[in-house]
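Take a look at this one chain, the form predicted alone, written out in structure tokens.
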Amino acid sequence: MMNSRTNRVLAGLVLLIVVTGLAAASFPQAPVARGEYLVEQVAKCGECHTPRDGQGGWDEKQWLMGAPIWFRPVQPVTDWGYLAPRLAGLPNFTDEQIRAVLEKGTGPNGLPIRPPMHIYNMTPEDAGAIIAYLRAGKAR
């Protein structure tokens, strides 16, 4: 049988765990960290926007610096993009242009983005996190 001191300690630990969990749920992940996760683990931007090395792997020193698309469609696609632009630092795009790409699938020229780029229909929060990550220059 537990004594009252042990009960109080256990109750305090349970309360601490609950409060810590609520605090973590209440504060969203920092935008740059969220953007890193979305770019590297969800959208996999490096697959097309990072040049390949001689063995076919990513050239890590050129991470998200833009690259020729290394795969081709099986059947001809008239509007296929053959070059993925630089994303690192977003030097050639405004935030509004990147938001349009990520949220609506509209390119900087106002036209639908070309394949093989995916249309993501991201939330404004996720698009903002990706922009924060790419502008922060923390990519690899």
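Numbers for residues come from their place in the sequence shown, where the first is 1. All values reported here derive from a predicted model rather than from experimental measurement.
Beyond the structure shown, there is the form predicted in complex with ligand HEC, which is absent from this document and is the topic of what follows.
Candidate site formed by 48, 102 and 108: every one of these residues places a non-hydrogen atom within 4.5 angstroms of ligand HEC in the model of the complex. In the model of the complex, at least one heavy atom of residue 117 sits within 4.5 Å of ligand HEC. For the chain shown alone, residue 88 is not a contact residue for ligand HEC in the model of the complex, no non-hydrogen atom being within 4.5 angstroms. At the 4.5 Å threshold, heavy atoms of residue 30 stay clear of ligand HEC in the model of the complex, well away from it. Among heavy atoms of residue 66, none comes within 4.5 Å of ligand HEC in the model of the complex. Annotation for 80-102: interface residues with ligand HEC in the model of the complex are 81, 83, 84, 85, 87, 93, 98, 101, 102 [heavy atom within 4.5 Å].
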